[in-house]
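Shown here is one chain on its own, the form predicted alone, set out as structure tokens.
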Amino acid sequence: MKKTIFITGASSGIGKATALYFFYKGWNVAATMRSPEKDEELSKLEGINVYKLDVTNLEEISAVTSKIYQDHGRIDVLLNNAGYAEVGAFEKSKDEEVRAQFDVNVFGAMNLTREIIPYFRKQGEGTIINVTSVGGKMTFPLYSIYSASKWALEGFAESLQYELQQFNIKIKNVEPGPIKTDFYSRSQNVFENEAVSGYENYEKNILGNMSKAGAKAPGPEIVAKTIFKAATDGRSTLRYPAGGKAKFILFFRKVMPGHFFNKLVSKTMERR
């Protein structure tokens, strides 16, 4: 029986690239997105089924998971990929923006994970892969809320792996560095608050440098390949850096004293 991967946030970027990569590797692909009616590519490929799913909707999570299982007979991998970034000076943020960030990036992944565990226990195996970020192991200026969500996801997975290993369920985090996708445009919400001033030049400089890094970065296919490795290597490895600079960044984060590393981040991100 062909294996099946269940992907959230498959409309673009890493999710779409992963759907195509697994499809060409011979897998059944259940690609979910909030607006499947806008899809013009995945739904045309035999072997990829597209489903409507908003990861903040508990009823949709339950119904779609059940439908995917019925359609394919089993689910081998859940890829928690849906996510976006709330960015900007924290002082400018609103409570609803912070909560929305966690609703998608953290609680969406948690609720899907809770939903899939009984299916994996029943079939005696399964793999849950979270797309986190190098921003889940370190931080960048103006990304405090986004980083907080990714750090939460990293901690969640690290703890969860212990209790699920007895059921042959693997938990893995794929940690991309800068990747050339719409992350730096459509998938970012920049805080706007006219009552708070003084950050304009700083934000313009930092966000400009982040966009330049994304424009020069490799495409999402490199992350899709890492996700495929995590899904198929049979190991219990927890973390998989993805992208040309991810290993480099995380290595220096690990070996350098914190204050030196923080100065390096500041110097790199604040340069004009």
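Quick note: we count residues from 1 along the sequence shown, nothing fancier. Predicted model only: the values in this text are computed from it and were never measured.
A second form of this protein, the form predicted together with a small molecule, is not displayed here; the remarks below concern that form.
Annotated contacts: 12, 53 and 181 all touch the small molecule in the predicted complex [non-hydrogen atom within 4.5 angstroms]. At the 4.5 Å threshold, heavy atoms of residue 150 reach the small molecule in the predicted complex. Mapping the unseen interface onto this chain, residue 132 counts among the residues with a heavy atom inside 4.5 Å of the small molecule in the predicted complex.
The small molecule in the predicted complex comes within 4.5 Å of a heavy atom belonging to residue 34. By the criterion of a heavy atom within 4.5 Å, residue 113 is excluded from the residues contacting the small molecule in the predicted complex. Checking 23-31, 201-209, 231-239, 53-61 against the small molecule in the predicted complex, the stretch whose residues place heavy atoms within 4.5 Å of it is 53-61. Residue in contact with the small molecule in the predicted complex (any heavy atom within 4.5 Å), chosen from 169, 138, 104, 75: 104. Though the small molecule is absent from this view, in the predicted complex it lies within 4.5 Å of a heavy atom of just one residue from 89, 128, 157, 82, which is 82.
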